[in-house]
Ligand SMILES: NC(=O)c1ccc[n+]([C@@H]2O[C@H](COP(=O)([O-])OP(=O)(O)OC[C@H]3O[C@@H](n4cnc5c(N)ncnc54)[C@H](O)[C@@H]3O)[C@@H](O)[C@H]2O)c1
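First, one chain by itself: the form predicted alone, in structure tokens.
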Amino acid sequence: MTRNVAILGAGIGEKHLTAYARLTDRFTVTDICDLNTDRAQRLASQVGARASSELDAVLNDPAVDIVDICLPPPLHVPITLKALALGKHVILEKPIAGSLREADMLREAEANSSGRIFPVFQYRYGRAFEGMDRLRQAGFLSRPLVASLETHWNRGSDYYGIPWRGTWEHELGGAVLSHAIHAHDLLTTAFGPIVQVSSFLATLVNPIETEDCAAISLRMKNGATATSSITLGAAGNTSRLRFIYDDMTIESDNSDEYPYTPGEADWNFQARDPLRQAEVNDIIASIKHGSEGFEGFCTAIADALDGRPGNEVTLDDGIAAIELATAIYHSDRIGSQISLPLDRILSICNGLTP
């Protein structure tokens, strides 16, 4: 079944469009909506879609099945609520909300709608993570021990030349929320839920309001531990992941070739028992290139809407990301460890901003 998609926002929406253009048997992009009509028209002409600056007209079009929201963060919640009220499905860029209470509002709205929310965590899709799934199915990766994450990227004056970036009011958070959120999602996907957080945040690289460096310690529900190192002051862009299980050490590609699509690189899978390395190699070698990155993300959504769920990103995943970010920010502000899940009556659930 092919579903009609309206992309709201022609900035990051251009990358989304590229994936839809490869999945024409699953999606048809009917509308590109942006206040910059020239930019909207440029993208729309690539796929024969309509260009528009009239958001309400696009939302109210009964022919639109899915609204793909690629707008500045403060618009995410109100437009998602409008779309759900109209029975649309929503693909929602990060962050899905500016507070845990707002995220819970989305949960309630989804429960009362025929539409669903799919937070954008496209990093999950790639042969590296398929390899981890197959190893798990073969009996490996049963007990996580330690993980380390590095989100070491380069963001300077060009990036922050867009006025709303780097501000609490308009970006809702800094490197933790807008950059390392993907690495933290991959950690919970691999190791399970987080129950304790301790963090140190700093603004050291750019003259902005939000943080651009961080050092975070995490404990998982299963007892495993992890560290997350974040900076926007690196010379290049590197996303480095290391997952150590009782029977396997897994390391991502260490080059700067795949900072935004780490799962598409060739990872190192090393069995702790050398006698089982051949078995591991055979499992990894059997994986063929498939749908990766945003294309894989959209394929999983199409499968779920066609009645074959299981690999899609859910609203619960997006809410967990907001809860973790809330805990990280609060830990730094009070100088103490925070336990998860957060009590919803706490004032910190009202927003990420200080």
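Start at 1 with the first residue shown and count on from there. Just so it is clear, the model here is predicted, and its values are computed rather than measured.
This protein has a second form, the form predicted in complex with the named molecule, left out of what is shown; the following refers to that one.
Remark: none of the three candidate residues (F118, R219 and V313) comes within 4.5 Å of the named molecule in the predicted bound form, counting heavy atoms only. This chain is displayed alone, yet in the predicted bound form one of R124, R165, R240, H89 has a heavy atom within 4.5 Å of the named molecule; that residue is R165.
This chain lacks the partner; the member of P73, G131, P144, P262 within 4.5 angstroms of the named molecule in the predicted bound form by a non-hydrogen atom is P73. The closest non-hydrogen atom of D34 lies within 4.5 Å of the named molecule in the predicted bound form. Taking non-hydrogen atoms only, G173 never approaches the named molecule to within 4.5 angstroms in the predicted bound form. Not displayed here, the named molecule is approached by I12 to within 4.5 Å at the level of heavy atoms in the predicted bound form. Within 4.5 Å of any heavy atom of the named molecule in the predicted bound form lies no heavy atom of Y329. Partner proximity in the predicted bound form, defined as non-hydrogen atoms within 4.5 angstroms of the named molecule, places exactly one of 318-326, 301-309, 35-43, 58-66 at the interface: 35-43. Residues from 174-195 that approach the named molecule in the predicted bound form with a non-hydrogen atom within 4.5 Å are limited to H182.
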